[in-house]
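Presented below, as structure tokens, is a lone chain in the form predicted on its own.
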């Protein structure tokens, strides 16, 4: 029979997956807004960030209530603790997507300095990482989480590639500095999203295997 604790854990799990969907949508829309200079889409990303903030508070409250009233043990306890921490990572991903959307608004209708190629690739990788991390949770498959962590290196490499290219632009033409710095900040935001996705994968491994692999080389 399904216990009350299992019902509560299922409810919390549904909320964290809803939050993951919203975070993925915010990344997609923020980068699309930048690529197409779509300020209306950028504004919607900023407005919808409130939903992520509200879900973060709600999930925190649910997890704390379960910890205090149900005293979960073993895998159930690890799941609640993993969700608590994943909750924070998803909220920060929403904040970083908002920062990207604000760069679209700052362009004020101007096209980006250069056609965006690496930045959309970074966003696709980051989204794939989030999906892998949550598949790992659902399927209790730690190998998927480890695949997610490996992808972070590719995002880091692309971030450095964007830096090098844009610093060359600035060196050759100082009038491009403002826009180049804006795109560098976008690239850095996506690199940080990759870091948060790595955190999600580490939480999954902790839940599945009971091992904290943070800070391991």
Partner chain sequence: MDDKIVVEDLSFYYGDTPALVDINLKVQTNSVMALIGPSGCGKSTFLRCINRMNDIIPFTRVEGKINVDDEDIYDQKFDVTNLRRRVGMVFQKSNPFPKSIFENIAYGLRINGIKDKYSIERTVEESLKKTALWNEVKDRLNDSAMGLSGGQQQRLCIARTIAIQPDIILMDEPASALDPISTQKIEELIHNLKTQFTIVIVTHNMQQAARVSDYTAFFYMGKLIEVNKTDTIFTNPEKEMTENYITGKFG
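Positions refer to the first chain, counted from 1. Since this is a predicted model, take the numbers as computed values, not measurements.
The next section is about a form of this same protein that is not shown, the form predicted together with the partner chain.
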remark   = Answer key, the partner chain contact in the predicted complex at 4.5 Å (heavy atoms) among 77, 107, 84, 125: the residue is 77
Contact at 6, 73 and 210 by the partner chain in the predicted complex, all three, heavy atom at most 4.5 Å = yes
request  = Look at the stretches 45-53, 182-190, 25-33, 65-73 and give the one with heavy atoms within 4.5 Å of the partner chain in the predicted complex.
outcome  = 65-73
